[in-house]
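One chain comes next, on its own, written out as structure tokens in the form predicted alone.
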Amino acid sequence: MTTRTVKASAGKKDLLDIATISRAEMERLLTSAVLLKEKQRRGIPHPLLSGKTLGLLFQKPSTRTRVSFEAGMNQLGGHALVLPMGEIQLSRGESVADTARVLSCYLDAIVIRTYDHAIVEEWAREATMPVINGLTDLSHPCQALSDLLTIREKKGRLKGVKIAYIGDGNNVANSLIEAAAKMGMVIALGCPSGYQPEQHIVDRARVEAEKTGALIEISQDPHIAAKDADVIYTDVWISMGREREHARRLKVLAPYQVNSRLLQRAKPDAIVMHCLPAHRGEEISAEVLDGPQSVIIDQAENRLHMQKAILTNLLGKRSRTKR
């Protein structure tokens, strides 16, 4: 995970995006998530973070990210504290720097869910506690990490597995590209012109792919992207903050719906993934989302286990000195 040197806490670790996590660390997170999932399912207590407190600061609505982190922290024996934006002084003009430094005296880590990626980077610079990116407009690293867990569970491996991402090349697509490059996977994106992933992320991931044997393919044809895929993945067409573009996005992205016809292009045993929330009849048809190849509930459950792995990785062996 990102290692940043700051005056108050040298060597502090943050999770801001996938690109800054080593492949070895990703493997450790996956292994940890599997073990934690097994303990949870067997009812074995695992209070690995007893006495720790996690802050949750969300400027965007959330179901899975908030609840999985909150429940996960509680299951690890710690405490999660939701910080509503309207109820802290940040909403009245207090600087991120002052807020981050003060909260670092009270909390052991914080999850930030916001719009501009620069905001989580500022938090990471100013806070002396670990900062976790719970979603920005640029990336969604926790989602991509948990998706790797689901894919490996269902396919038995990651190396060489082909993901076809169809639709809007958004923050989830960006993080999946980075994750696939790290793990030697094939990722093919079918996105219309103007809705493709961030070019600088693609360029950076292709450098990584040269080391791991991964392939990154980008086209405007969803059927080409889906050919022989092991995984068909899609996300909403109207992300948070894009509501004013609703009509135009529906028109442009209509040919990119994941439906039974598109699914036929994939391998017969392909799985269908969606990070949710979903809009049946828009980016995906109801028959596919609710069909036998869909793994969306398992995918959502794995958010819990991966969040717990992330938290234990950041906090489990850390002796924090409050300022």
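Treat the numbers as computed from the prediction; the structure is a model and nothing was measured. One-based numbering along the sequence shown.
Beyond the structure shown, there is the form predicted together with a small molecule, which is absent from this document and is the topic of what follows.
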Looking at 289 to 297, 261 to 269, 275 to 283, 25 to 33, which one sits within 4.5 Å of the small molecule in the model of the complex if you count heavy atoms only? 275 to 283
With the small molecule left out of view, which of 99, 150, 143, 75 would have a heavy atom within 4.5 Å of it in the model of the complex? 143
Is it the case that residue 162, even though its partner is missing from this view, gets within 4.5 Å of the small molecule in the model of the complex, heavy atoms only? no
Is residue 45 near the small molecule? Define near as a heavy atom within 4.5 Å, in the model of the complex. no
Report yes if any heavy atom of residue 61 sits within 4.5 Å of a heavy atom of the small molecule in the model of the complex; otherwise report no. yes
Residue 257: heavy atom within 4.5 Å of the small molecule in the model of the complex? no
